[in-house]
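A lone chain, given as structure tokens: the form predicted on its own.
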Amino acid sequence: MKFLLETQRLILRSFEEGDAERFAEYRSDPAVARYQGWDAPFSLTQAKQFLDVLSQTKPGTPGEWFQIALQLGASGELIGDCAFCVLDNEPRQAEIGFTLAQPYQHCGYAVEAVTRMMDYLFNDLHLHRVRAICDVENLASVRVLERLGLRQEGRLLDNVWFKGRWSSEYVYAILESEWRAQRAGDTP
């Protein structure tokens, strides 16, 4: 099944076999991988295997992450990805994540892409609540989540052993009603 969403500057689409090299390239950047669940370098073989698994995944399958390629509409260049996982134990809720290659960070692409993905989650999948979890040191992601209107619901202190150290995380979330009010320009 092909997945396709568009924004003013981006195409959010299913990953394709030809994306493997670029995917491995930006995932191999230590700065990009710093707060992510993989280690750099990320080999071309790993990328091909990952994309093969993704080709079998359907959006909205509870318990499975669905990765979406972020492509610049003007040039067609793959600049990152965003993802969501409908919760296995609560299928009206999902967790989200996003990754951008370094040259495309701080350009508004993450907010633009995740806004479109959130519209899809609430409008097409009819979710009730979306959450995101990020390392407290990942200030760029904190800013993106707050610009999207997600509310910080908690701080988990030294809750995860991550890349050789204890890390703390923030939990952010937004309800469908809050998202709709925000998109309509109202205050939730």
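Numbers for residues come from their place in the sequence shown, where the first is 1. These numbers come from a predicted model, not from an experiment.
One more form of this protein exists, namely the form predicted together with a small molecule; it is left out here, but the text below deals with it.
For the residues 155, 143, 48, 151, the 4.5 Å heavy atom test against the small molecule in the predicted bound form is passed only by 143.
This chain is displayed alone, yet in the predicted bound form one of 35, 120, 66, 42 has a heavy atom within 4.5 Å of the small molecule; that residue is 35.
Not displayed here, the small molecule is kept clear of residue 71 by more than 4.5 Å at the level of heavy atoms in the predicted bound form. Taking the partner from the other structure, the small molecule in the predicted bound form has no heavy atom within 4.5 Å of any heavy atom of residue 85. Taking the partner from elsewhere, residue 110 is found to have a heavy atom lying within 4.5 Å of the small molecule in the predicted bound form. Though the partner is left out of this view, residue 93 does not reach within 4.5 Å of the small molecule in the predicted bound form, counting heavy atoms only. Contact annotation: the small molecule lies within 4.5 Å of heavy atoms from the stretch 27 to 35 in the predicted bound form, the single such stretch among 27 to 35, 122 to 130, 52 to 60, 156 to 164.
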